[in-house]
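One chain comes next, on its own, written out as structure tokens in the form predicted on its own.
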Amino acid sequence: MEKKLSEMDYEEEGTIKGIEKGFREKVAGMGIREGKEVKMMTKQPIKGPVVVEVGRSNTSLGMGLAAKILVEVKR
């Protein structure tokens, strides 16, 4: 099942399948690239930032940016 990164639930894991054009370079510096495994660590209410684990590091993203990343979620 595919979801936007912003829609993932707490501790949900998946593989990045797509990143909207124009944002790929911006998030690549955070280690977020197609094919990478991600895990939702924390999600703040009311459009707050999300914290995801990519590899062995955590990074935070605004909800708007997280909505531009498509993830194949593990069941």
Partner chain sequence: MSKVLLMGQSNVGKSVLFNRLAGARATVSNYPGTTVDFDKGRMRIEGQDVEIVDIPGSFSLEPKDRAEEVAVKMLEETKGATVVCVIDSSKVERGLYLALEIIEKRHSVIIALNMADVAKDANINVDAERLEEILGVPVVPMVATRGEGLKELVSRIREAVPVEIEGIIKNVGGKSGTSSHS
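Positions refer to the first chain, counted from 1. Predicted, not measured: the structure shown is a model, and the values here were computed from it.
Although not depicted, the form predicted in complex with the partner chain is the subject of the following passage.
Contact annotation: residue 20 falls outside 4.5 Å of the partner chain in the predicted complex, judged by heavy atom distances. The closest heavy atom approach of residue 25 to the partner chain in the predicted complex falls within 4.5 Å. Using a 4.5 Å heavy atom cutoff, 30, 33 and 57 all lie near the partner chain in the predicted complex.
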